[in-house]
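The data below hold one chain only, encoded as structure tokens and taken in the form predicted alone.
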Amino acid sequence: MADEALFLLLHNEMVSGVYKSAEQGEVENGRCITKLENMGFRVGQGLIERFTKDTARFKDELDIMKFICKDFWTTVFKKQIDNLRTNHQGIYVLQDNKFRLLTQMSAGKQYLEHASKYLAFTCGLIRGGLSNLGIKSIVTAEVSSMPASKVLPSLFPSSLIPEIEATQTGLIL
């Protein structure tokens, strides 16, 4: 329980620190979400490396996404994803109805506009984990009502990777 509280506090301080530096002119305000997403990307790479060192190889993308939803998400956020959906063309929707990083905020719509900065690190976690498993992706997030969130990883086949790397700009919220 204490480690969960420490993670929540660290995440909140990380977000506020990045935005405070933007207010002081050190970082351009539009780059704050990208900076948080890049932090999450690196952490996701390290975590997935540690979590998969003793597991068997995955058969396909769906197995990887199931691992992300069950094992990875449970280890990081102490619960499984509530819902995983796919269109079987590389688009997945991971839905968490009580997302831990948003539960500290009001359940009303007054803080809905601030939700994206609290989801950027998580999008980076997923993208970094998928990257270390050999899958190029763009991960977006949306919140329509707090504290529920949807994380939308878009996975790309290896034939599209050079084209995507040339056009990818990072996090899209």
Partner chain sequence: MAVCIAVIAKENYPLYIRSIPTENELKFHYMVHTSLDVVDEKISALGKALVDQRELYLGLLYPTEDHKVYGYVTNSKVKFVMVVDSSNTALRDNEIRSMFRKLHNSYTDVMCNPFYNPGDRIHSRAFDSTVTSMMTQVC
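Residue numbers count along the first chain shown, from 1. Note that this is a predicted model, so its numbers are computed, not measured.
Keep in mind the form predicted together with its partner chain is missing from the figure; the text below concerns it.
J.: With the partner left out here, check for me: in the predicted complex, does some heavy atom of R50 sit within 4.5 Å of its partner chain?
T.: Yes, R50 is a contact residue.
J.: With a cut-off of 4.5 Å between heavy atoms, is L133 one of the residues that contacts its partner chain in the predicted complex?
T.: L133 belongs to the contact set for its partner chain.
J.: Is R42 close enough to its partner chain in the predicted complex to count, meaning some heavy atom within 4.5 Å?
T.: Contact check for R42: yes, within 4.5 Å of its partner chain in the predicted complex.
J.: Do E142 and its partner chain share at least one heavy atom pair within 4.5 Å in the predicted complex?
T.: E142: no, not in contact with its partner chain in the predicted complex.
J.: Using a 4.5 Å cut-off on any heavy atom, which residues of 47 to 63 would contact its partner chain in the predicted complex?
T.: Going through 47 to 63 in order - heavy atoms within 4.5 Å of its partner chain in the predicted complex - the hits are E49, R50, T52, K53, D54, T55, A56, R57, F58, K59, D63.
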